[in-house]
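Two separate entries follow, structure 1 and structure 2, each one form of the same protein chain as structure tokens.
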Structure 1
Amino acid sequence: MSRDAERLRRGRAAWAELAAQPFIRVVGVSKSFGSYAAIDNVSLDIYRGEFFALLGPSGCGKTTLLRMLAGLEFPTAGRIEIDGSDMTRVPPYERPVNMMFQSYALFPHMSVEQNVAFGLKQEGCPRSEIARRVREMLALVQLEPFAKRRPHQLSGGQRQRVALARCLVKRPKMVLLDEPLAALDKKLREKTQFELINIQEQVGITFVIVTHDQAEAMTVASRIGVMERGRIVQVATPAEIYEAPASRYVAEFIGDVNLFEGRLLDTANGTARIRCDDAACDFLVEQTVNAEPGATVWLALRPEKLAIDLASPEAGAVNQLSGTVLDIGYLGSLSVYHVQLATGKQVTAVETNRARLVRRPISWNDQVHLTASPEAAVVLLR
């Protein structure tokens, strides 16, 4: 395992160290197609050995940003640095970067072996070294028995591993993966996500992965950049993105959330008090909020952080709501309760089914009480 990967493991993250130099620097990059701005003034730092995920809805510019890192597209404005050198206008065949294409783009007239060897041949590597490195790489992705096959004789998952081997074998400074697992079924995708993490730790190369699957981003990435219409709206670790989203957009994009609009009443002692008319409740949130009292803010409350109960909570409990159960979704491991408050607003709460559900304690049309602790909610200003 490389030193960087080890550092990530131990939680001493590179991006948290002040002295750490970014490995890839994207500085004020924009890209327009005609009059359409696909990427709008994006700045981003990625550190050595990171597994960085770009996450966003379809058409937000993830592929475009990745292609600019690969040199397949040049920015209209801004600068891209890789390992300290300016790469903004360097063509792809001169960049120390390899990309794994969404369609894999394997050469159909070459065997698996030849596909993997292609990049090394371009470098003018000696024949014996090519053979050795290709063999090692095929062993890493467990494709040795298929070395002589053509791509069309492989399954989707095997093709995906050939594509990965082909871009890793050159030992690039950075590997770019554009929705590498989109073509795989759910089971295989989850298995491959962990394989990807393992491989990344073994080779210690910086990975940038594009995905629109938030679970995938949270599984594989050390940090996530969330994109919205050509801009990056938040860059943080998966846990931060989930627990402390920077905006309503991020909160809604990652996981499920109950959002309440409210007015900030006061912010004494690191606790914010927010009046939410649509919940008919004054919420207490342990969070330092940088806003004047009276400002409009939003309260984000994840469904699993709401406790649901038939009995009314004891007097003096904070952050409590009550309503009637509209609908129950039984997912096996979880039950999802859709509750309608007296104000008409619908709220979702999730409970783990810790005991076997023989008889449901909470049923349709029951009057229920929802509570959230002051640490559970997040106040959003945007």
Structure 2
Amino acid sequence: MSRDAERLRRGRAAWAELAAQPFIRVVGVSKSFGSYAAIDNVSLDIYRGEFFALLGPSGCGKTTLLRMLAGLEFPTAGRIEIDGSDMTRVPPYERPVNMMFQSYALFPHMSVEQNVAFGLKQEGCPRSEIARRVREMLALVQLEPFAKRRPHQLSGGQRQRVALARCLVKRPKMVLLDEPLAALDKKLREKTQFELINIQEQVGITFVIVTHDQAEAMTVASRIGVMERGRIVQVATPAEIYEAPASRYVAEFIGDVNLFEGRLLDTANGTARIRCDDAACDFLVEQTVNAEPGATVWLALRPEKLAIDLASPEAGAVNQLSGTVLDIGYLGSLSVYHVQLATGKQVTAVETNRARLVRRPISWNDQVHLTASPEAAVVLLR
């Protein structure tokens, strides 16, 4: 395992070290197709040994950016560097990069081991070295018993691992993954996510994955770049993206959130008071807000950070909301409550089901009280 991968595993992030040099540098890159700007002046640093995710909705430009890293598209403007070398106009076959496509693109007439060995044969590697490296890759992805099978004899998850082994066997400096798990069912996708993490940590190669699945990005990535309309709007760790989104767009795109428009009353000593008319209350938030009193702000509050109860909160409790239960969703481990406030605003609260459900304490049309601690909410300026 590389030193950078080991740092990531132990929680010492390369991007947080002042002396660390980016392994991939995207500098002011734009890409236009006619009058359409698919990528708009994107700059991004990715470090050696990272598992980096480009996350965004369809059409936001994430696959176009990945294809430019692979050399399958060239930028209209800007520069791309890999390991200190300018790769902006270098063709894909001369880059130290391998790409795993969403379709896997396996050769149906070849066995598993022949698919994995294909790139090495094209390079003219000696037979003994090919055999050794293919064995190592099949062991890594746990496909040794399936070496002689054809792709149509494998499950979706096994085909995905063959495609990954074919990428890794050439020992690239970077692996690019374009929606690699999209074709798998939910349970297999979740299992394969952790397999990808373990493989990436073992080989220590930089992985860049494109996905529209927020849960997938949050699971596999060391950092996430959230994209919107050809731009990267926030780059941070999964926890930072979720707990401290940079904008309403990020807050709404990652997970579920209750958003309240409000007016900043005051901010001092690391706290802020926000008046939210649609919540019919003032919020006290543990956050210094860089805005003048009277400014319009938005308050983001995740559903799991709202406590819901039939009983009225204690006198003096802050951040109190009251309303009527409209809908309840039972998800096994969680119960989701949709509550309509007196103002007409609907909010969502989530509770963990820690005990067996014998009788639901909160039911439809119940009057309930919601509370949030001052550190639970985030104030957004845009």
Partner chain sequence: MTAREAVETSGAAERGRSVAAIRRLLPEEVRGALGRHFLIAVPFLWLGVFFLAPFLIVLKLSFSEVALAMPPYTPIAEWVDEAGSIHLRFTLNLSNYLLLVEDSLYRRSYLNSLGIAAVSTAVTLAIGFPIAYALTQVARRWRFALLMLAILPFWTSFLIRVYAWISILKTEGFLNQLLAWLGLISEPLQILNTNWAVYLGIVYSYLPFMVLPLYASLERIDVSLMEAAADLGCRPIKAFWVITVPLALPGVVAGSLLVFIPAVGEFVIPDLLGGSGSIMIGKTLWSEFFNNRDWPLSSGVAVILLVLLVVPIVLFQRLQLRRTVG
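Under this definition, the rigid core comprises the largest set of C-alpha atoms superposing within 1.5 Å between the forms. Residue numbering: structure 1 sequence, from 1. Computed from a prediction, not measured in an experiment: that's the story for all the values here.
Peer 1: Pick out the form predicted on its own: structure 1 or structure 2.
Peer 2: Form predicted on its own: structure 2.
Peer 1: Does the C-alpha of Gly78 move 2 Å or more between structure 1 and structure 2 once the rigid core is lined up?
Peer 2: No; Gly78 is a residue whose C-alpha shifts by less than 2 Å between structure 1 and structure 2 when the cores are overlaid.
Peer 1: Would you say Ile254 moves its Cα by 2 Å or more between structure 1 and structure 2, aligning on the core?
Peer 2: For Ile254, whose C-alpha is compared between structure 1 and structure 2 after core superposition, the shift is less than 2 Å.
Peer 1: Aligning on the core only, does the CA of Tyr242 end up 2 angstroms or more away between structure 1 and structure 2?
Peer 2: Comparing forms between structure 1 and structure 2, the Tyr242 CA shifts below 2 Å.
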